[in-house]
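Just one chain is shown here, as C-alpha cells, and it is the form predicted on its own.
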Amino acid sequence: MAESSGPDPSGGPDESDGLREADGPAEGSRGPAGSAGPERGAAASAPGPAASARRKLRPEHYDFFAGGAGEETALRENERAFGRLALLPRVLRGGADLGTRVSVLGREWQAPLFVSPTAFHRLAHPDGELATARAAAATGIPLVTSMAATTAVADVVAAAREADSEALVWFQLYPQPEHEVTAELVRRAERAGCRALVVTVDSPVFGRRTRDLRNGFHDLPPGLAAENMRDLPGAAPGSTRDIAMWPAGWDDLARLRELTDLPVVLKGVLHPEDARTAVEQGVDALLVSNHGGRQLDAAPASVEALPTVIEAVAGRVPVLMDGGVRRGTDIALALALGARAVGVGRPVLWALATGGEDGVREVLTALREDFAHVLTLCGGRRPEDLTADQVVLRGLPYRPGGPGRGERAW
C-alpha cells in the first residue's frame, strides 16, 4: 500500500460472511444482523442489512466488505453451517436470575460477544472506527480494532473511552517481516491502552479476492489510509507502509511474546495440532476463524472447526470464534460447542454504513438481547449452562439411547 494504503487483501471484513448476489435473498435474512431476528412473516420481503448497506456504498466498496476468496465457498459456509445445527432445549430448570456475563482473560464482559477486526471503516461511514468504538463501548461490547483501520489505534481507544472509561479494546496485529516494524506497532497498541494483541496467523500470502480483482479495487480513495501503518521504521516521514503477508513461524511468535506483557490471542487457528502447539507455546487464548472466507476458500466453516480445537485445548486457555454469526442462536450454538465468546464483523459494517454510530449500537444491542432470549429458551441462566449435548444435526435421527451426559449428539 502506498500513501492511499489501498485495499490490503488481508484487511477486509475477515470475521463474518456476506453472500454473493447470486445466492438469492438479501444477506442476513437468516437472522437479526441488525434486528433481533423476529420470525419471517410479512417483513420477510424487507431488505436485509447487507442489501440496505449496498444502496449506501459504492459498488467496489460493498464488494470489498462482502466478498471472499475464490468461489466464496468458505464465505457462504460460515453462515450456512449454523443453519445445519439445532439446539435441544432443557426444561424445568427453574430460576429467573438470568445473566449473560462471561470472563475472558481476567476481565468480565457483559455478554459473550465482541466486535471482530475489520478494515477501512471510513469506507462505510465518515466517522469510521470512531463511531464503531463509541457504539461498542456504549453497549459494553469489547472491540478488536484492525491493524488496517482507517483510524489510528490511539484515536480508536480514546473514542471508546469517551463512551466508557473502562471500555475494552484489543489490537489486531499481522507480524511483519521487519522485527522493528512489529515492535513499533506493539508499542503503539500498548501506549494507546489496548488490553490484548490479537495476532492473525492465517495469512502467509494474500487471499485471492475475486470481487476486488474483478473491480480493479486496489487503492483507497484520496484522504484515506491504513493509519496504523504511518510513520513506521523504513518509511518516509508522514507516509504509510504496506501491510506484508508472509509465512511467519513459531519462532516469530516467540519473539513477539518477548516484546510485550499484553495477553496474546492467536487468530486463524483451525487445526487441532496447531491449537495444541499454540497452548504449549504459551498463548493466552485462541480465536477459531477462517478469516471470513477471505483466505483459503477450501477451509471449513469456523463453527465446524471449533469442536476439535476445543478438544485439543482441553480447557487450558479460552477459545473464541468468529465467522457467520448473525443471531443469538448462533452465539448459543458456538458457546454450547465450547467457545467462550464469539465475534461479529460484517453485521457491524452494514450497520455502520446505514446508521452510523446509532446503527452499530442497535445491532450489538439486538444480538446481545437475542442471545439472552435464546439462552432462556434453552433452559440456561448463564452462558456456561449451554453444553455440547444440546447441539444436534438437523435431519438426522438420534442414535439409540440419545446422547450421554455432556456428549455431543452429532
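Predicted model only: the values in this text are computed from it and were never measured. Position 1 is the first residue in the sequence shown; the rest follow in order.
What comes next is about the form predicted in complex with a small molecule, which is not displayed.
Colleague: Thinking of the small molecule in the predicted bound form, which stretch from 341 to 349, 364 to 372, 48 to 56, 377 to 385 has heavy atoms inside 4.5 Å of it?
Modeller: Stretch 341 to 349 is the one.
Colleague: Under a 4.5 Å heavy atom criterion, is Tyr174 part of the interface with the small molecule in the predicted bound form?
Modeller: Yes - in the predicted bound form, heavy atoms of Tyr174 and the small molecule come within 4.5 Å of each other.
Colleague: Considering non-hydrogen atoms and a 4.5 Å limit, does the small molecule approach Glu129 in the predicted bound form?
Modeller: No, Glu129 sits far enough from the small molecule in the predicted bound form that none of its heavy atoms falls within 4.5 Å.
Colleague: Just to confirm, Thr151 within 4.5 Å of the small molecule in the predicted bound form by heavy atoms?
Modeller: Heavy-atom contact with the small molecule at 4.5 Å: absent for Thr151.
Colleague: Give a yes/no on whether Ala119 approaches the small molecule to within 4.5 Å in the predicted bound form, heavy atoms considered.
Modeller: Answer yes; at least one heavy atom of Ala119 falls within 4.5 Å of the small molecule in the predicted bound form.
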